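A single chain comes next, written as structure tokens; it is the form predicted on its own.
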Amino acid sequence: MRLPTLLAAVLVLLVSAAVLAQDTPADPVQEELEALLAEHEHSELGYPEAYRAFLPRFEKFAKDHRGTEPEVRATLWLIQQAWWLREGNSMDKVNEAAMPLAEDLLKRHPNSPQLDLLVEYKYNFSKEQRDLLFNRLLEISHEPRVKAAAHFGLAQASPARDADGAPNPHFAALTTEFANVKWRETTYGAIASAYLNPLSPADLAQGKPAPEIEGIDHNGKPMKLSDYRGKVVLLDFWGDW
């Protein structure tokens, strides 16, 4: 095939692919879910009030789309938001609401890639419930990110190392088999390594140079704390719980 003919053929293929991509219909169920999630996120109601207001809508969505991945996400919303059922220091109602929903997901959607969120929403389960759920995830899931999340959830329930210095088996799994599985802007291997190799109090003493911190800046580019040596730096440590 002559070069001009080859280039023309490639151009036709690229155009055809672009047309096919444009013609691929959007998933209306997924779009409905995303709109519902966005509406809740931008609601001006207080958190408990928003939960009560949106609860029947998410329940209806999950019922209407049973057996789909959007149903899984809607049910995970129900589990996450069950937090607002707590009464003072009592989590009984939260646990009672969240656990049956989680067990049903594991039964009907054992290989959903979204089940890692059960570990992220672990605060809505008792310790006994967490142990049961996370061990079950390890048994049934084929998804590396779900299994990695389950290992992480179980790892946090025990010391990072035993009396002889051997790593917790779940952290060990995260530094080997699941080391490259991503979690947000990092990996489970990096997280496990941080738990297994904490800085000593002497390294954090007042007057000592700040330990190196590596991450991603607001533009998505790699950065290191040492890049700003000699400048005034404000470190803001926060959580999203």
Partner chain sequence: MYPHERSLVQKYQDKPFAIVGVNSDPTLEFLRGVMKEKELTWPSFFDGGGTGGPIATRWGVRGWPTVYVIDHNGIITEGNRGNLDEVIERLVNEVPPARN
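If you superpose the two forms and keep the largest set of C-alpha atoms that fall within 1.5 Å, you have the rigid core. Numbering follows the first chain given and starts at 1. Note that the coordinates shown come from a computational prediction; the quantities given were computed from them, not determined experimentally.
Below, we turn to the form predicted in complex with its partner chain, even though it does not appear here.
- Contact annotation: of the candidates P28, P198, G46, P56, the single residue with a non-hydrogen atom within 4.5 angstroms of its partner chain in the model of the complex is P198.
- Of the candidate stretches 31-39, 57-65, 210-218, 172-180, only 210-218 has residues whose heavy atoms lie within 4.5 Å of its partner chain in the model of the complex.
- Remark: A50 does not count among the residues lining its partner chain in the model of the complex, judged by a heavy atom distance of 4.5 Å or less.
- Using a 4.5 angstroms threshold between heavy atoms, E69 stays clear of its partner chain in the model of the complex.
- Taking a 4.5 Å heavy atom cutoff to its partner chain in the model of the complex, the contacting residues in 202-235 are D203, L204, A205, Q206, G207, K208, P209, A210, P211, E212, I213, E214, G215, I216, D217, H218, N219, G220, M223, K224, L225, Y228, R229, G230, K231, V232, V233, L234, L235.
- Superposed on the core, the two forms differ at D203: its CA moves 2 Å or more between the shown form and the other one.
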